[in-house]
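Here you'll find one protein chain in two forms, each presented separately as structure tokens under the names structure 1 and structure 2.
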Structure 1
């Protein structure tokens, strides 16, 4: 026996902390390690969450968080290496499926492991700045499985191969594709971008580069665009089915560049099918497609726009300079309107009413319409035609309104709006005086439009023409009210036109027949009696008359001009007169007389006179006979005057001259206005400012401006600077 020796008591330090089981960590970890294995083996149903959670909690609570974290990482790596091997072993088409299955397993397991280690995630991880359990599990999957040498390249190649096959029309397992790209996205956007998106975009670029090359060789522009549109739609669908939404713009950019941007010029300029062809043939659908496709292509829309503009200018120039077209002003303007309608429709239907396209179109029209200096005249004639007869087909107000609106569009393009005004005044005067206006409403409507467009000044004289007619009516009423009784003689209707408001030319009054002279003198007396200090001049070149005539036993009522009336009245006393006699008796200017005789003697069916010798033209030696053989089915016969509707060359010169004369005071007024405010200005600045001020009405010629300045210097409104001769000074 070994007697127990009494030990000397030794003082030991207090153990403050009761040491827990030294194997606490290992025992606890084994529990977790086993559980994780069961989880990966799909055998978790026997596990108690509460127990595992509590175990992990206690480990963290006892400051084993760091060791636990490291152990867990080791454990996960082991499981992932196993899984990686299984994925590598998968054959051919089963590769993606195996990867997917293992990924699903891993995620499921990782969620459960995170649940167990939730307390560590919440307390240990933030203070130690480590990656949380779930995210760490994803990183390990990325490094050990996805980016392992034997899987990484194969994965990218498989995905790209499948996409290629789908592009070539094969059916592929899109669900599997979606799950795989989703996995890459879940591993982080950089994994998705580096391991899939970038190679995908590269491969797509070379695919579309090849396809576009082939396609452009064998397709026309329309077909090519259809294919590009189809491809873009496919790519967009592909992204929505199995890629990250952010890839949509990137792949669209690739297709845009490879299929559209690079081939843009070639596509637009394709002979027989390019942009110009589409415009000519109103291929709205193709144009819409082109507009939509090139929306995102750099310079796409601007190129379409400038090609369209130059085409419009070109065809427009042909239209306005073709001498064939100039013969019929109405047709000329109608063609301009048709052209405008055509392109308006293209812009609204195909170019989504793009403002920049509208502007380009307007600029083009403005350009070519002003290439022909008769455009103002023709446009006025067109209005004349419409307001005179009313619009063909349906002459209702709304249609006229539409036509007038369109005309106003053309009017806006005119640079020489004052020339238009001149012609419009002439034409309006003719319509008003001959009573051939189809609708007073429409006339006033047009005036309102011009007023809105150009201001009060532009239309004030036109408006006073309407006032004159109204006043004339009242005057005539009062005249006949005073002229009671005696109604045997001819009745006259007088229109009193204010000088200056109307485009009247001073004309030598012809000799009126005595019957008319009497009543017109009565009127003159009446008018001057009521209006003091006025002067009345008869414009015998403008009136018309209804006269009764008897041809054999046939009675007709002839509607003739004043001149014609004067001529015919001569035949009341004789049956034959020579040209000279007529000229002497009537004192009608020879040009007008010849015209009027032509219409009385040379027009078939209206020939109330007979000319000797028979010919189309009137010569001084001709003799005229009363044609008692004249017959007509109608009781009322209208004898027209042979008038050139369109202006003859000398008339044109005359109008142009008058326009130039009218511009002079306007230019001078503008110069004075400018100089009054600026006091001193150099020549070029004056020209610029004058042009700017007047461009609403016309484009002043710099030479004319210079002349006006010189004239103003002569009249001492301005002077040249004594030192700098380029400067002008305003003299108050």
Structure 2
């Protein structure tokens, strides 16, 4: 007997067969087709969207999604063809309005149709990789309406015509333009770019090419740039109102190229209105506009910089080499400062304080200032004038400080700062010794600026000059405190100058009057008695004196130099002396004596002596008489020495020689420092390194460097390499 098999439960399919109406799709589509027609006819209010959605749902559920999609496409094409005919029939200005009206209808219809076919959009379309309903409707609009042979060209031409009319100053319907370009953007970026943007840019290039050519023929540079600026602003506004934001840079590039880049050189070099004219006439507004516009153009700013630098160098060269302007050093430097202020303001106001422009300006000033080897002397004379007299119109220390800061800008441009130092020391010494400085605070501030710029070594001797003056005051107090006897004799005030700190030159001491000689010897005895191992040498060429003089019944107090005092004191015993007699009695050097006599006899209002024969030049045969008819409204009369403000040619050569001599040890020290660290170096490298180290003070001449190397070889600091004669070795 077979064992009983266990029966396994099994689920069987439902036996009842659902019969599908063979005309189900046709009936369902008829319902949807009628609904879509009503939607396009603006009769959608009577439709049951819930019923329509269920109908479409069942069609997809019964595997009719593909047929439904195709039928929908055919239906939309039919409606769009009808719409296209209506758009084509629109005339003139109604064309865009009709297009917009039909586009709005189509979008509204698509939204309703998409809602009805939402189930197909979510299930069938992704699985079959077809285009969603709404997007497919846009594609059909693009292909059937927008790119219709009768609409496409007309659409583009209408848009471009409206833009052209707006450029020519007419008012257009910007809202309609915005809606039309927005339609193209919604159809896809490629549609907007291919069907509108590309032809728009091409037409714009042609328009601005023609306009720029006409404008440049009839306008000056400033007017042309104003027009270009206006056009750029208009295009920017146009894009913001009715175009894609990405079009902004593209149309700006077209305007930049056609109106600016192509005509750049002609605009800059335009006679009587170009860049140079703007710089000369301080046309800040035009320069600002030029700077802002041409930063958009390749090489725009670099071209402006180059032309500005060339102009500054050219005008600066004329300024520093014009013989007429070299006659007055103070005016010479003031003109340089005025030029610097002028271009600083242009760079600051018009060129947005652009560092590249500032650097170009600095390089230009450095170039032309150093074309005149007297620039260091003249700048020192300018500072001397300001610190001696005070700045004209300056109410306080801040004003003087401002002027000194400006002068320091010029100082930085100097390549021969050591030459400036030499002259500045001479001028500072004269101010301090004559008591002519207008402000001790300003003097010390100037030293601080020089020390900050060049280091302690540059100002150490200048600072010791102030120390000497303070020490001299203490010494004079001590001298008069210990002096006993007659106090009715002449008094002296002695400035004791440390040799090496002051720019004194050995000079033959003149014969002092007996009255002065006595008190001078008393001071010498006092000083040497309190200081061991020191030596005093009188610098009579640098002193001054106050003497009382009687002219008839008039009494005056004369402020004169030591040399002038020695001459005038001779006339206490006689009324007339010849030039030779004065020279023998005073032993004043001839050059100084002639200047001295010129100031005493040839200057109107200061002629305390009379000269025979009367002329400006002093000769050995001249005779001088005491002028008892001299008169002046002032009791105190200052008689200056006739002296050229600038150095004479021999003095200039002497100063230059001293500067060259002072440079030799500095060059040698730099060579030794370099060789000590490098041990072995070729000639060209030494020259480069030495120049680099010393350029803050001066630019050493390669020929001089070579001579100093030779000198160091002779003194066995260096030696030439035995194989390569261009190599040098440091000898420890």
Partner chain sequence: GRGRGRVRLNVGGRVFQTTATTLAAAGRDTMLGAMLDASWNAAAAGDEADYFIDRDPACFAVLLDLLRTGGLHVPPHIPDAVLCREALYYGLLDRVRAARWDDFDGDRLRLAASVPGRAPGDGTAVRPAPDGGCCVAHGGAVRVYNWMLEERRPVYLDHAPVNDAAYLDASTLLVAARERPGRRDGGVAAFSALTGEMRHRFRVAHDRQVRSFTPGALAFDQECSIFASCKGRLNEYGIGVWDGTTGEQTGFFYEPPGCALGDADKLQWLDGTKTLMAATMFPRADSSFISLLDFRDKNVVWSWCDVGTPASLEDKHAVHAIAMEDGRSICVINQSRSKLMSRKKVHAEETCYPKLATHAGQLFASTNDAISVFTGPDHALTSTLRGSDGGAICDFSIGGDRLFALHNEKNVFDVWETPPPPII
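Residue numbers count along the first chain shown, from 1. What you see is a predicted model, and the numbers here were worked out from it, not measured in a lab. The term rigid core refers to the most C-alpha atoms you can superpose between the two forms while keeping them within 1.5 Å.
Task: Assignment: the form predicted together with the partner chain - done: Note: form predicted together with the partner chain is structure 1; the other is not.
Task: Hinge (C-alphas switching from one rigid part to the other between structure 1 and structure 2) among 88, 544, 236, 26 - done: From the list 88, 544, 236, 26, the one at the hinge is 236.
Task: Interdomain rotation angle between structure 1 and structure 2 - two rigid parts, degrees - done: Comparing the two forms, the smaller part rotates by 7 degrees relative to the larger.
Open item on the list: So with the rigid core superposed, the C-alpha of residue 72 shifts by how many Å between structure 1 and structure 2?
Closed with: With the rigid core fitted, the alpha carbon of residue 72 is displaced 3.7 Å between structure 1 and structure 2.
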